[in-house]
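One chain is shown next in C-alpha cells, namely the form predicted alone.
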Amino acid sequence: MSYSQQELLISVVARMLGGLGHIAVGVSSPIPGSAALLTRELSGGRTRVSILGSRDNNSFTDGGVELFDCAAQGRVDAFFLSGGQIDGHGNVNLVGVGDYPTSDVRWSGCFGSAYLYLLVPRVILFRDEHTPRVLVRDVDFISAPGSSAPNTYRKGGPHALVTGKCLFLFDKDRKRFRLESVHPGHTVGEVTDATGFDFDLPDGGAEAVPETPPPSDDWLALLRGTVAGAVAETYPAFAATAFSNPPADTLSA
C-alpha cells in the first residue's frame, strides 16, 4: 500500500512510544502529535496524550504550567523537542545563529526546553529538514543540553533524532548518535553528506544500516481514520494533506 512521507515519519516516531503511560506534545508538532495519538489507539486508550493547544486531547487547564508540574512529578514519559540547530551531542539551539547576545538570526526562544530535557525520560528530537545548516557539529547556543555533569540530577535526555532522511538513536554513554535506519529513497552516503556532525554506524558499517520499515496496512488504516479525525482538531491543514497520499509525496511499500 502506498503511504505519504508524513505517514512514514509518524510511524517511525510511534514505534518508540509503545507501552508508555503519558505522552506530552508541545505546540506546532503535528507529526509527533499524530504519533502520540496513534500510540493511544494501539494501546486501547491506556496511553494518555496531552497536546498543548488542543481542546479535545489535553486535560490541562493551565497550559505549560501543568505540563512542567507533571514532568517534575515524574508523570510524563515522553516529550518532543526540535531546534534551529541540533548537534552531535544532542544539544539543541532554540535561540539563534551567531554569537549570543548579538545573534545574526533570532528564534522564538527556549520556553522550558532545558527543564523538560532533564526531567522527561524519553525525549525524541524531531526535525524534518536534514541539512548541515540544521544538524551542526556544535550549536551556536545551548538552549537545552544533551548531557550533564555527573553530579547533576537528570532523569531525562535525548532518546532519538528523527529527520526526513533517517533515524538516529542516542548513546548516552558515548554522548553521540548512532545511525539506526535510513528512510526509503535515501542512502547512508546521502545522510553522511547532509549531516554536519559525526555519528556512529552499527557493527558491519554502512552496509549494515537497514532501511526504515514502512507503516503497516493496519497502522495506515488507523492513521487515515481515527487519528486523522483527532489531529484535525488542532492541525486541520496538516490533517487535510498528510493522510490523503498526495501524488507528489507518495511512497510505496
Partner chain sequence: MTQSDTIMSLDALVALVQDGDLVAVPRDGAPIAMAATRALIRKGARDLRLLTVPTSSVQADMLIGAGCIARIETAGVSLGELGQAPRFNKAVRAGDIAITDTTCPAVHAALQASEKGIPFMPLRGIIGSDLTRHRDDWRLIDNPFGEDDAILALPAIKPDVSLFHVPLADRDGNIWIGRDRELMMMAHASEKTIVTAERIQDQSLLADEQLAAGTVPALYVTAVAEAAFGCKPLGLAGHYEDDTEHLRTYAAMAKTDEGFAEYLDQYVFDRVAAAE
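In this text the structure is predicted, and so the values were computed from the model without any measurement. Residue numbers count along the first chain shown, from 1.
Same protein, other form: the form predicted together with its partner chain, not shown, and the subject of what follows.
Taken together, Ser103, Ser143 and Asn151 are fully in contact with its partner chain in the predicted complex: each brings a heavy atom within 4.5 Å. For the chain shown alone, Ala208 is not a contact residue for its partner chain in the predicted complex, no non-hydrogen atom being within 4.5 angstroms. Residue contact check for Asn58: one or more of its heavy atoms lie within 4.5 Å of its partner chain in the predicted complex. Although the partner is absent here, Pro121 sits far enough away that none of its heavy atoms falls within 4.5 Å of its partner chain in the predicted complex. Contact annotation for Ala114: at least one heavy atom lies within 4.5 Å of its partner chain in the predicted complex. Residues placing heavy atoms within 4.5 Å of its partner chain in the predicted complex fall in a single listed stretch, namely 62-70, out of 62-70, 37-45, 199-207, 216-224. Contact residues in stretch 21-36 (any heavy atom within 4.5 Å of its partner chain, taken in the predicted complex) are limited to Ser28.
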